[in-house]
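Listed next as structure tokens is one chain, alone, in the form predicted alone.
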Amino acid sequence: MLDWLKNINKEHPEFWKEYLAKFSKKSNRYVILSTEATGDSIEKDVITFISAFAVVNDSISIKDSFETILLQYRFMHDNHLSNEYIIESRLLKLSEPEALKTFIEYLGNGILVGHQIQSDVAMINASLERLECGKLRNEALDIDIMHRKLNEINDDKELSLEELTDYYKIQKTHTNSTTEKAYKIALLFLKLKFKLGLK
């Protein structure tokens, strides 16, 4: 309610208006999301990586994917952090405004899926606020919550992504990049979706 009042007379960027217009119809496209950030604080920290895959008709679409490094030079400089890994990486590199705009265009009205997805959404919403936009409108599913529902687990202990991949016998990889995390989440989601009988 307060977010709606705060944004009622605000002139939003064009890409945000186009994004909002996409919610006139329901999507059957799931967007599997993994992000990296400099920490957990939505006030003090920033996103450094975004990776996503689309799942449509129970298939992971490698062609329908998104991957970028967010150039956060000012944050790195102000906090005396090295940006050497950014310079060396061959991944697409975009400024935070350009990365968020491109990601929102990619996301559309898709249903977000992630591991502890609310923290990803909160970080993205904080970044969107800096761009004079509102909050994400997408439905969001969390694989940890899906696992709890399937197994009727009522305690508050959250399982790590590694624990979930072990439980569902997802093959381990030697590296643990944001993109590989997104792919593991996609595999877990498909298993859980099938076991829960979701359309």
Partner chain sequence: MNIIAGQIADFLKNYAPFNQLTSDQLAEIANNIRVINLEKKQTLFKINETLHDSFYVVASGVVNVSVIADAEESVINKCHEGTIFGLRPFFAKNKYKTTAKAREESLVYAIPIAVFKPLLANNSEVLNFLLENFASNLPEDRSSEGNIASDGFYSEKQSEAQFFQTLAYNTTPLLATSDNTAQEVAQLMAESLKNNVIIFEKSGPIGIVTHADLASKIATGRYPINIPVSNIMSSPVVTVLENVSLAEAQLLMLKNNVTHLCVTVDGTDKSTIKGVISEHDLIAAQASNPGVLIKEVKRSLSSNELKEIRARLTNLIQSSIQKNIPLTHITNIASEINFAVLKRAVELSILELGSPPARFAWLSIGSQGRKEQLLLTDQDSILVFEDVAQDKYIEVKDYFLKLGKKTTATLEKIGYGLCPNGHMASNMLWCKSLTDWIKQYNNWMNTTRENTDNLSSIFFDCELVIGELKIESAINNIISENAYNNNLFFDFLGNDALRKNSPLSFFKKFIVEEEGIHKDKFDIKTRALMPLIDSARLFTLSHEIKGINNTYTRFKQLAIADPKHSEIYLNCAEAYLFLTRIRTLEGIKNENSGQYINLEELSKNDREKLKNALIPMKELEELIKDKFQLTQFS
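Positions refer to the first chain, counted from 1. A quick note: this is a predicted structure, and the numbers were derived from the prediction, not measured.
Same protein, other form: the form predicted together with its partner chain, not shown, and the subject of what follows.
Candidate site formed by S27, I104 and Q118: none of these residues places a non-hydrogen atom within 4.5 angstroms of its partner chain in the predicted bound form. Proximity to its partner chain in the predicted bound form, taken as heavy atoms within 4.5 Å, picks out 60-68 from the listed stretches 133-141, 60-68, 27-35, 157-165. Remark: Y19 does not count among the residues lining its partner chain in the predicted bound form, judged by a heavy atom distance of 4.5 Å or less.
Q171 belongs to the set of residues with a heavy atom inside 4.5 Å of its partner chain in the predicted bound form. Along 170-186, a non-hydrogen atom within 4.5 Å of its partner chain in the predicted bound form is carried by Q171, T173, H174, S177, T179, E180, Y183, in order along the sequence.
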